[in-house]
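Here you get one chain, nothing else, as structure tokens; it is the form predicted on its own.
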Amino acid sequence: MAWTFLIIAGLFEMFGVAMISQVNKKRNWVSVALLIGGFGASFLFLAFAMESLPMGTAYAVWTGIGAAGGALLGMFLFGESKDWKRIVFIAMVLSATVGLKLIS
């Protein structure tokens, strides 16, 4: 269950990152509320995951999901560059995340 909480935390992290972009484009209270709610839910599920996962592993996986997911959201939703070098480095982040899961 801890890994499920961690994945949910990472998905909320991605949502929070997307909301940062939204707040920068359109400042209103709904965008700010969604930003705060996304990051708040992310921290809450991270805390649940850390009840049984080591802190270093949980934090590394959480940030990996958020970083890679944020980059992928930027590419597919916000028209950012899809250069092959970016994709290689995102794949490296994701493979490191899977590696941490395998050794934990």
Partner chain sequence: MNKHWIMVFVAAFFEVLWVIGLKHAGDALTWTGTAIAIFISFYLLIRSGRYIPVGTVYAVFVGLGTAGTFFSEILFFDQPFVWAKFFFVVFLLAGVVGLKLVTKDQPSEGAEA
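Think of the rigid core as the biggest set of C-alphas that the two forms share within 1.5 Å after superposition. Note that the structure is a prediction, hence the values are computed from the model and not measured. Residue numbers count along the first chain shown, from 1.
Missing here is the form predicted together with the partner chain; even so, the following discussion is about that form.
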query: Are all three residues M1, T57 and K82 in contact with the partner chain in the predicted complex, where contact means a non-hydrogen atom within 4.5 Å?
result: no
- prompt: Just to confirm, I7 within 4.5 Å of the partner chain in the predicted complex by heavy atoms?
  reply: no
query: Going by a heavy atom distance of 4.5 Å, is F39 a contact of the partner chain in the predicted complex?
result: yes
- prompt: Does any heavy atom of F48 come within 4.5 Å of a heavy atom of the partner chain in the predicted complex?
  reply: no
- prompt: Looking at the partner-bound form in the predicted complex, is L11 within 4.5 Å of the partner chain by any heavy atom?
  reply: no
Residues of stretch 10-43 in contact with the partner chain in the predicted complex (4.5 Å, non-hydrogen atom): E13, V17, I20, S21, V23, N24, K25, R27, L35, F39, F43
message: If the two forms are fitted on the core, does I20 show a Cα displacement reaching 2 angstroms between the shown form and the other one?
response: no
query: With both forms fit on the core, is the shift of the CA atom of L11 between the shown form and the other one 2 Å or larger?
result: no
field: Residue pair A96, S52 - Cα distance in the predicted complex, closer or farther (3 Å or more)
entry: farther
In the predicted complex, whether the C-alpha atoms of V98 and I7 sit closer or farther than here (change of 3 Å or more): farther
